[in-house]
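This document starts with one chain, in the form predicted alone, laid out as structure tokens.
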């Protein structure tokens, strides 16, 4: 009898623990992560992005993670992939893999900084327009329409001429053409949230506008904003690569995947590995960010959750 009583007590205790775990609140971040874990493509993309960002960070910090120095020349000129040089060498005998790893710090950094710039400018601009409404909203949105009507490539070329070629010019150019989509998205989300009861309660309680935006509106619109920022990174990487490829972006001695692809273009017929591998890294990075962004958008959508 005593053994049965002890077993019964254990069962009751276990059920109580299960019930209490059911009642524990689950954060939205945990729910999103659980959704991503159920999507193999999202997790593969996540780990590819994590690896590329880690490589660029280590390269930016000056740690020796490349087989050779990125500017080290050798007698092995224009060699194809081999055991010594996994991705071959260029016209000066420099190891292409080392140069791609070194170039990742500029390509990835430009993508992340541009996305952060788009987030700051677009969120601020869209929040003001969506919260104020009326004439202010109309005036600010006409400004966005005007900015959208200007060709992005033309704007980036003009800024490059004014500021000069280099990392600073690229960042300014990409930052000025990448925030409009985020601004429109934030404005639309805030206009929708304005009619919620908790916003009316906050206004009735006398909370100021800045506090309402930061405390109540933006946290409830964070999902679409994060997704938009995720898509801004590959767009910026692709834009930088395009500008550098056509000779309007970075210039030597600065090294990015776009400049490497430009160098390889001149030897496309005779030594295709020079353009293939930089282009492959651009393709994998852009595809990974886009696939992860799609999965993140689905995870934030309550209709697609299967919990």
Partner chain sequence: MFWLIIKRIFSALIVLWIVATITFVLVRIVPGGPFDADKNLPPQIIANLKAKYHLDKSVSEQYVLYLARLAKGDLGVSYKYVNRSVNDILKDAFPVSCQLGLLGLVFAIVFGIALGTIAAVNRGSTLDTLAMIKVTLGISLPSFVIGALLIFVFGIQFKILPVGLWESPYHMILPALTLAASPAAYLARLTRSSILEIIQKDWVRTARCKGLSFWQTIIKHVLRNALVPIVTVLGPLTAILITGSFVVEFIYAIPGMGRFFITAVTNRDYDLIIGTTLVFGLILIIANTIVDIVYVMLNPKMQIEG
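Positions refer to the first chain, counted from 1. Computed from a predicted structure; not experimentally measured.
Quick note: we don't show the form predicted in complex with its partner chain, though the next part is all about it.
Peer 1: Where does its partner chain sit in the predicted complex: which of 261 to 269, 48 to 56, 65 to 73, 29 to 37, heavy atoms within 4.5 Å?
Peer 2: One stretch meets the cut-off, namely 261 to 269.
Peer 1: Does at least one non-hydrogen atom of residue 214 fall within 4.5 angstroms of its partner chain in the predicted complex?
Peer 2: The answer is no: residue 214 has no heavy atom within 4.5 Å of its partner chain.
Peer 1: Check residue 157 for me: does it contact its partner chain in the predicted complex (non-hydrogen atoms, 4.5 angstroms)?
Peer 2: Flag for residue 157 set to yes.
Peer 1: Check residue 275 for me: does it contact its partner chain in the predicted complex (non-hydrogen atoms, 4.5 angstroms)?
Peer 2: It does: once its partner chain is placed as it appears in the predicted complex, residue 275 has a heavy atom within 4.5 Å of it.
Peer 1: So, residue 241 and its partner chain: in the predicted complex, are they within 4.5 Å at any heavy atom pair?
Peer 2: Because a heavy atom of residue 241 falls inside 4.5 Å of its partner chain in the predicted complex, the answer is yes.
Peer 1: Using heavy atoms only and a 4.5 Å cut-off, determine which of 140, 153, 218, 171 is in contact with its partner chain in the predicted complex.
Peer 2: Among 140, 153, 218, 171, a heavy atom within 4.5 Å of its partner chain in the predicted complex occurs only for 153.
Peer 1: Pick out the residues of 271 to 289 whose heavy atoms come within 4.5 Å of its partner chain in the predicted complex.
Peer 2: 272, 275, 279, 282, 283, 286, 287, in sequence order.
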